[in-house]
Every structure is written in structure tokens, then in C-alpha cells.
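A lone chain, given as C-alpha cells: the form predicted alone.
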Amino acid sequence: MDNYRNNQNMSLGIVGFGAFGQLAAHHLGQHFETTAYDPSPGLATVAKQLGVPLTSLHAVSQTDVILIAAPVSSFEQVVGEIAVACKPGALIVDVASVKVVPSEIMRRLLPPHVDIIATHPLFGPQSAAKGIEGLKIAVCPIQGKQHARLAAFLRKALGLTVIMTTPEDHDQEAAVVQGLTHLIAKVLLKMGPLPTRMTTKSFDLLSNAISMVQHDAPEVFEAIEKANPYAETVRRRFFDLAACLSVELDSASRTPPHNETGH
């Protein structure tokens, strides 16, 4: 998307200035004239540090590119307000962890004169702490023709690995990839404190995976496990298989040892 690259004349409005909105501002601020909206108090200092003026939702909704980083729980209300203020030709992008539900909302509420692309950066502030080059982002074209140009910008300007997909295919894979990761992390954290001294390499990798998700906002876990229409099936299969394995282990422990010496 070469006309997005290093073009300070194009405006970017970030809706939701939490951890991911701030991460987006850090990496996109050099390419766009950026503003942000968030109703939460106490964000003025970090916004000033990032050089991003905080403004109203109406003002943000009139930018050239609108990046929605709001929680899934407030997503429909936010999109409804953007819909009445966005200008023709605007590009509207979301970064939710799930794609089927947000895509349906955007398709239903936003006007036909805007382009809509659903995305999911497959990383967060923890995994992007050393930079985002080489990290993955899923891109789902919903409405309009700007998806190819956006994909080019993400590759060339940000160095991301772009995966073109559909909301349905995304959520089916994410139900396993994210659903199980966050689920296992939640369980292991409840078993803590976990050992840190006498560990194996595989356990260190598992601990590292946990550290990447344990500080995510509660609404991220809620979205991954409840807003993904495929997550419950994956979750139940995981628990069922774990229960079967438990039964097998219990049965084996009750089986008398084989007498190899007597006949």
C-alpha cells in the first residue's frame, strides 16, 4: 500500500487506546497523522509520550483510516457510532482476536461507501516487545478493494507476515491456536507458583508461552473463549480427551503388576 507508506498527509484514527491501541500508535505514527479516542481516564500521559492527541469518537471517525481496537463487548456500539460519521472512501480496520462476529457487525452497520478489512495481529505487546518484523497478521477482506494495498503496506512498511483468510477460517484455526493456549495458561497459573529452578527446556518454553498471555486484559480471554463460535467445540474436545486420559491412567494404576516368574 505504497500510498499509505510514509504519507503524513493521511490521517489515522485509533478507537480504543489500551495496550494494543498504544502498540499500534507506536508503529503506525510515523506513517500517518494519528489521533485516538478512548473513554478511559488516565491516558493523557502515555498519549503525549507517543505524540498522539486524544480526541472525540466523532473526530476519530472522520479520518482516512479508522483502526478499531475496542473490546468485543463494546464493538457493536462503537461501530454504530463510527457508521454515522465516517466519510466516503475511508478504510475501516478492526484488530479483534475473533473475526466472525466483528465482521458481521461491520458488514451490517457500516455504509457501502467505505472499505472494510477485518484483521487479527497474531501478537500482542508482550510478544512484540522486541519489534514486530516477521510477526504474523491475519487479513480478511470484507468490503471494498483496498485489501491488496493494505497487505502490501503491512509487508513492506511494517515487515509483517500477512496471512490472507476468511473470518470463518480464521476463527476455526484460532479456536485451537489461541483458545487452547490461553486455556492451558489459565489452568497452569492457578496451579502456581510454578517451578523455576529445576526445569526442562520444554517446560521453559511452556512457561514463556504463559508469560506472553498472562497479562492480557480479561476481555481478551473472554473474546477468545466466548466470542469465537468454534471455541466451545475445541474446548470440550480438549477436556473430554483429558478426562479419557485421566481414566486410562487411573485404570493402569489399579492393574496388578504382571507376574513374570510364576506359572
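What you see is a predicted model; the values in this text were computed from it and never measured. A residue's number is simply how far along the shown sequence it sits, counting from 1.
Keep in mind that the form predicted in complex with another copy of the chain is missing from the display, and what follows is about it.
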Since exactly one of Asn208, Gln49, Gln30, Ser56 fits, which has a heavy atom within 4.5 Å of another copy of the chain in the model of the complex? Asn208
Just one of 37 to 45, 22 to 30, 58 to 66, 198 to 206 has heavy atoms within 4.5 Å of another copy of the chain in the model of the complex; which? 198 to 206
Is there any non-hydrogen atom of Glu104 lying within 4.5 Å of another copy of the chain in the model of the complex? no
Would Lys136 show up as a contact with another copy of the chain in the model of the complex if we use heavy atoms at 4.5 Å? yes
Taking the shortest heavy atom distance, is His170 within 4.5 Å of another copy of the chain in the model of the complex? yes
I'd like to check something about Ser97: if you look in the model of the complex, is any of its heavy atoms closer than or equal to 4.5 Å to a heavy atom of another copy of the chain? no
Triple contact flag Gln77, Ala83 and Arg108 to another copy of the chain in the model of the complex, non-hydrogen atom at 4.5 angstroms: no
Within 120 to 134, which residues come within 4.5 Å of another copy of the chain in the model of the complex, counting heavy atoms only? Leu122, Ser127
